[in-house]
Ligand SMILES: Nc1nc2c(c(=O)[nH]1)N[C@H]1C(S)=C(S)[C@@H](COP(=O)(O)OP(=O)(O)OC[C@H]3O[C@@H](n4cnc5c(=O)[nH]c(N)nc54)[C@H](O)[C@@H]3O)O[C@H]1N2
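Next up is one chain by itself, shown in structure tokens, the form predicted alone.
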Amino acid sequence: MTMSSKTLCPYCGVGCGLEVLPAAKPKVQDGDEEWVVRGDRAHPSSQGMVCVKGATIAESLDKNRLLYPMMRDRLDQPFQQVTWDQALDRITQQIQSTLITQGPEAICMYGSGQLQTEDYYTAQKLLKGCLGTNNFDANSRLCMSSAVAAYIQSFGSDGPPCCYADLEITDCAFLIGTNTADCHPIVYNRFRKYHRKKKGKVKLIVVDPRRTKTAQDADLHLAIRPGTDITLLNGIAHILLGKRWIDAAFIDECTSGFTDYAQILGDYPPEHVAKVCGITVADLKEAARCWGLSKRVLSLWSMGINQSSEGTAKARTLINLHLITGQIGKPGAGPFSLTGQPNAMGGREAGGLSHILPGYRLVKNPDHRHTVEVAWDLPAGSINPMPGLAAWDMIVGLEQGQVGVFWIAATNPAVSMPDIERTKAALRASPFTVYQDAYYPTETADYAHVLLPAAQWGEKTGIMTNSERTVTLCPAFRPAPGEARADWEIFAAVGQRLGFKTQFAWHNSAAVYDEFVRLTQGQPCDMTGLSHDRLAAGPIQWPCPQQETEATAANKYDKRLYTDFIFATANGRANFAAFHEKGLAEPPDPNYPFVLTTGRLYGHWHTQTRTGRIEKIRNLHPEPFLEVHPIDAQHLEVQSGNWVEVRSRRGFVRLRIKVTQYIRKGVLFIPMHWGALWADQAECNALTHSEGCPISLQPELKACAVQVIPIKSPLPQPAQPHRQAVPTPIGLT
């Protein structure tokens, strides 16, 4: 290969364009070729910028890859290398046996926002259509399902209404529950350049109990107590209403439910709100003034809002502020959820959660089910009318013996799930677990009966959609190593073995995508004008129908939703929501006096399956840590570098502490990335609980109650995978 290949970064939801080409003087190690990765200046979302993760992605391509299918009968046995036919036959037999003995509801698949759209779509067709179970969920449930629920309930449909271009024309950016500088760095770089250029004419408000890199740039930082987001947002609305900084015409003509919403705002006077949130009245009023007097207000949020037992309520209460001021459907304004994963948006489009179907359809809607059944050439009634098991419900199902087949693809739940010891015990109880991934070892592989080698970034061709709805073709630029296969091909092969040959008769991923986009026709996410061939010329933002309207044909990018102020609800109006705050699911008490919060670091990604194998990133973030406020450190009689044990009602971790004024007193922070492979007793989810939002079913991974106990000396640390050669499993020679 001599020409460069344009693709998309496989990490966060920013969706940065990358250009990949062979190194001028490649170093060949074990037959592997080195690649140079740089930002694609032609990509509209990232404009040539790239962070350390994207810049180093090629270094992980040949590190500790799973090369062949592996099987074992029991978890206490070593894996044996097998052929693809042997592995697929065993999976097929187990599914058939489970269908007979337990029924389709005993089959579950847990996927990932790192799957491509073709992978997602094929899995939906297999489970929800052919097998008749809606038990497909993804780690996106842990990431942005609260945002999905909020958009659907407020606007009638999922789909962020904004564009990245809004970052560069807004008057006021309101960031809440997002450390954008570290977690979505290229999005943040676009805004930061604009913010600095405007020199005080554009306001940045950041709401976060930590003084993150994002908060350090803010004109106003509201370091609220964890769990008081709804009180803060209702308090801002109280001031907006009192000052008449509202859009009365928009409220009257374009919304429903304002009266009930306005009624509860009386309970949120500034003095009460400031006391509850732990901020000053002056700062609260300044936030309301900036919002109320700005012509274009853009809000951004991420895990700090979504990962909550009130996640949907928080997101809808934020959306309320846009509705009360008419700040939606116009340039520089709107509520913008930043997705955490590279194709979480594509997964939503393809139906990749247990309550939805392809094309932004709902499994509860009989018309939606009928449309999909016809498209899939399946008998009426094939799709179950009830939502399937969400991510945590699958863990409970394993505990209770209700799951006979548990198929995991492109994710690492033995680290990322809440209450991790309970999760591991449930995984050990699984009668049959299939684990489909590109790397070995991972923590989840310890709980699998079958390992399937998956092709990853650069080794398969498919589509990804980023946070601003920009769709990018990601072509393969190198062959998959060993016997690794594309995820959609693996799902389709099982479907064919189960007797559904016509449903899975595609010859390539382009054919899969063509079938998928036909199911978006007439839907808010209409992509019938897209194909692999058309996207080969460059990314395009949806909506992009086959028959373009004047609005969709005006440009390929920067398309906003609801510019006509008509929403996807039955009456065309957006819905206000009236919520009072309930607080944290597990508030602090005398026995567990601290609130622990968790999050990402700039360089690492999720559970380090990729980034832990890249030397530059390991050096950037060499070990986990615990952030502690100086007053708390003084009370505990510890200082930076000391070891402590952090305990919750579920488990414990042992970490060095980092004393910093950049966190609220009474609040602690642990990065989420370290599982058992990378550090000893440092898994933050040993502490977290499984309580979640009753609407979105997203767990409250962002907060739990803990205690801290100083330790005189750390326990001996085991050798880690990145410090030694990874042992070759039996059969992998």
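The shown structure was predicted, so the numbers you read here are calculated from the model rather than taken from an experiment. Just count from 1 along the sequence shown to find any residue number.
Just so it is clear, the following notes concern the form predicted in complex with the named molecule, a form of the same protein that is not shown.
*Asks:* Given the stretches 94-102, 267-275, 522-530, 182-190, which is the single one in contact with the named molecule in the model of the complex, using a heavy atom cutoff of 4.5 Å?
*Replies:* Selected stretch: 182-190.
*Asks:* Within 4.5 Å of the named molecule in the model of the complex, do Gln114, Cys143 and Leu601 each have at least one heavy atom?
*Replies:* Affirmative, all three are within 4.5 Å.
*Asks:* Of the residues Ser337, Gln436, Ser354, Gln124, which one places a heavy atom within 4.5 Å of the named molecule in the model of the complex?
*Replies:* Exactly one listed residue reaches within 4.5 Å, namely Gln436.
*Asks:* Counting any non-hydrogen atom inside 4.5 Å, which residue from Asn134, Ser299, Thr170, Thr411 sits next to the named molecule in the model of the complex?
*Replies:* Selected residue: Thr411.
*Asks:* Contact between Lys460 and the named molecule in the model of the complex at 4.5 Å, heavy atoms?
*Replies:* Taking the distances in the model of the complex, the answer for Lys460 is yes, it comes within 4.5 Å of the named molecule.
*Asks:* Hey, in the model of the complex, is Gln456 touching the named molecule, heavy atoms inside 4.5 Å?
*Replies:* Yes - in the model of the complex, heavy atoms of Gln456 and the named molecule come within 4.5 Å of each other.
*Asks:* For Lys702, is any heavy atom within 4.5 Å of the named molecule in the model of the complex, or not?
*Replies:* Contact check for Lys702: yes, within 4.5 Å of the named molecule in the model of the complex.
*Asks:* I'd like to know if Met303 sits close to the named molecule in the model of the complex, meaning any non-hydrogen atom pair within 4.5 angstroms.
*Replies:* Contact check for Met303: yes, within 4.5 Å of the named molecule in the model of the complex.
*Asks:* Using a 4.5 Å cut-off on heavy atoms, what residues in 361-375 are near the named molecule in the model of the complex?
*Replies:* Sequence-ordered list is empty.
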